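First, one chain by itself in structure tokens, the form predicted on its own.
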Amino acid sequence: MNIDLHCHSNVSDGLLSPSELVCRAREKGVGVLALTDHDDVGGLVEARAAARIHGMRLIDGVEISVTWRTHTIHVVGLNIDAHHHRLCEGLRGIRHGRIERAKRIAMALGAHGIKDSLEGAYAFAGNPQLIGRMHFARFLVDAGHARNLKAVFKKFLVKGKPGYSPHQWVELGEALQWIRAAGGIAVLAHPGRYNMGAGTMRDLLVEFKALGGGAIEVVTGSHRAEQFPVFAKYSVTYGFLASRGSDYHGPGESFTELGGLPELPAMCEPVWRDWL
């Protein structure tokens, strides 16, 4: 069965509505899909209704923004109770912080001569409560300041560039507490994307495990093919279950299509072993 446990709708920074996303996943042969919007679970009801129509299984998920040491990392919660009060309250707090960060990004871009970027970013945000860098990036491309999204993140919005605004997200232990309180399993998203040295990655994995993390993404659209066996070995070494997810954001903006990844390496124990 084709299983994809990481993707985004326009409730966060994806291009497709939850129902459109599910429809596309079905067309691409996905049988089990997790919708994991950033810091919001508002798309899950629509996605579940669409999954029933298309004969798919939907896993309730979320991707939480976390600050660990000086790094911004993401933790996916899978098989969660999306209505759990502790999780919902925590996510509301993160979304409020996103709005404040967006104002700072707009001010930084304005100081660089780029006007009306906040309004421009909101024009690309399907959910005004979930404004993020991707919405600014789409505005900057549309306004002619960069030729594509990759160029935006090279020229703007990252540390040392115009439009960068540091932000303190939720602490790792707190995010894991929310996920576990909601009955879910915490998955370290695309660990190969964080550009950490081997020692720092070991520290992160040890702490993630100690705080209750249960899995890591091994096969993901945010990893290069040569990273799959590296993180497969990490999953075995540190006793994590392994997840697989495209991190799909929409047509023309994603490295990997929904359901388009290879299978998990044989050494891995899949995160869905107790669900399916």
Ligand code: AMP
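None of the values given here were measured: they were computed from a predicted structure. The first residue of the sequence shown is number 1, and the count goes up from there.
In what follows, reference is made to the form predicted in complex with this ligand, a form of this protein that is not presented.
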| property | result |
| --- | --- |
| Non-hydrogen atom within 4.5 angstroms of this ligand in the predicted bound form for each of R26, R57 and G259 | no |
| Option from 108-116, 180-188, 197-205, 133-141 whose residues, in the predicted bound form, bring a heavy atom within 4.5 Å of this ligand | 133-141 |
| R98 within 4.5 Å of this ligand in the predicted bound form, heavy atoms | yes |
| In the predicted bound form, R244 touching this ligand (heavy atom, 4.5 Å) | no |
| Close approach of W169 to this ligand in the predicted bound form, 4.5 Å, heavy atom | yes |
| 4.5 Å heavy atom contact, F153 and this ligand in the predicted bound form | yes |
| Heavy atom within 4.5 Å of this ligand in the predicted bound form - qualifying residues of 10-27 | D13 |
